[in-house]
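Listed next as C-alpha cells is one chain, alone, in the form predicted alone.
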Amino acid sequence: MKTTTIKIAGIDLEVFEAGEGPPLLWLHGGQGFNPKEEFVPPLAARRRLIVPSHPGFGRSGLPEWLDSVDDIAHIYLELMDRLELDAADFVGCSIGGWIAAEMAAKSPERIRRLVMVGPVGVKVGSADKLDIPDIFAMPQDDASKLLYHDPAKMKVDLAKLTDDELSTMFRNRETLALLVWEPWMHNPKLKRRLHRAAMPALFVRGESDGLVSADYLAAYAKLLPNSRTLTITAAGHVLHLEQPQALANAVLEFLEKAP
C-alpha cells in the first residue's frame, strides 16, 4: 500500500492506495484508518482500493474553516476529479457512511454502487430522543459495549502504543466530536435529498451494534430508492475490525453482482 499527499482546497490530504482493478473508495469511520487492517488484502486483491484520511484524521490537515461533514463531501468530489475518477464504487463506515450519503445526494452519477456500514447522518426518530447514543457522555468501557460484540477482545492497551499512535487516536476523537456534535450525528436536510441517490445500495449492520439500531438502519435504507439491508453476526459497530473477512466478502459480492 502506498501513501501520498494530495492538496485539495488548501488541505494536505493523506491518501492510501493499494491493488488494481475497478476503483473502490473506502471512507473510514471515527477511529480512522490503519493500512494493516485485515479487510485491506481481500479488497485490494480485486480492486483499486483508495482510502483518504478525512481532514483532521490520520495525517490529513484540518483548516479552521472546515467544521462539517458536508465540507468533506465537497473535498472528496474534488479528490475524485484529481484522481480522474468519473465514477467509483463506495464503502462508507459510520461517519464515512454519512460522507458517502452527502456525496450520493449531491452527485449520484459519481457513485456506481454504494455500501453503507453502520452509517450515521440522518434523523429518523422523534425529536426528543437521540437516534445515536452520545458516546462522549459515557465512560469508555460503556462506549466499548456499544461499539463491539466482544469488548474485552477489542480492548486497546494504551501503554503499548507509540506516541504517534496515541496522538493520532486522540486527534481522531477530537475531530469526530467537532464534526458530529451539533446537531448530533446528522444533517437535518440530508434525508430530504437522498431520493436522488438511486444507485444500488447495501446497508450493513453488525448484529450487536449498540450505536446503529436495526430500526435506524432500516429507516435510513428506505430513504434511498434502490437499497437493501444485511446483518453480520458476531460483530458490533466496528465491523471491519471484528469481522473483516465477512465484511469484505459481503462488499465484493454486492459490488460484483450483475446489473
Partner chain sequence: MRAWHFSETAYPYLPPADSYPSIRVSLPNRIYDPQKGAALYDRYIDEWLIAEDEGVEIMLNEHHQTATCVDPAAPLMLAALARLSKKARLLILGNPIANRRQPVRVAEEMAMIDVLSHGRLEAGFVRGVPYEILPANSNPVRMNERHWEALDLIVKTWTHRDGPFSHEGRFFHHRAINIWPRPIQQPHPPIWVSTTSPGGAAQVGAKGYVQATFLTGFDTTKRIYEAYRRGWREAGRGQDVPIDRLAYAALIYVGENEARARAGAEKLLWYVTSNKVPPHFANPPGYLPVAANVQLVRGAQNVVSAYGTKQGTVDGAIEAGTMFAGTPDQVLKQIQKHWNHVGGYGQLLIMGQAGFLEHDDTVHGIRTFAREVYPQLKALYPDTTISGFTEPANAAAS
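Just so it is clear, the model here is predicted, and its values are computed rather than measured. Positions refer to the first chain, counted from 1.
Another form, the form predicted together with its partner chain, is not on view; read the next lines as being about it.
Mind telling me which stretch in 26-34, 187-195, 226-234, 58-66 gets its heavy atoms within 4.5 Å of its partner chain in the model of the complex? After filtering at 4.5 Å, what remains is 58-66.
- Item | Partner contact for Asp81 in the model of the complex: its partner chain, 4.5 angstroms, heavy atom | Asp81: no, not in contact with its partner chain in the model of the complex.
- Task: May I ask you to check whether Leu178 falls inside a 4.5 Å heavy atom distance of its partner chain in the model of the complex?
- Result: Answer yes; at least one heavy atom of Leu178 falls within 4.5 Å of its partner chain in the model of the complex.
Would you check, heavy atoms only and a 4.5 Å threshold, whether Asp86 touches its partner chain in the model of the complex?
Flag for Asp86 set to no.
request  = Decide whether Leu166 counts as a contact residue for its partner chain in the model of the complex under a heavy atom distance cut-off of 4.5 Å.
outcome  = Yes, Leu166 lies within 4.5 Å of its partner chain in the model of the complex.
### Query
Any chance Glu14, His74 and Leu77 all have a heavy atom within 4.5 Å of its partner chain in the model of the complex?
The answer is no; none of Glu14, His74 and Leu77 reaches its partner chain.
- prompt: Taking heavy atoms and a 4.5 Å limit, what residues of 151-182 are near its partner chain in the model of the complex?
  reply: Result: Leu158, Ala159, Leu161, Thr162, Asp163, Leu166, Ser167, Phe170, Arg171, Arg173, Glu174, Ala177, Leu178, Trp181, Glu182.
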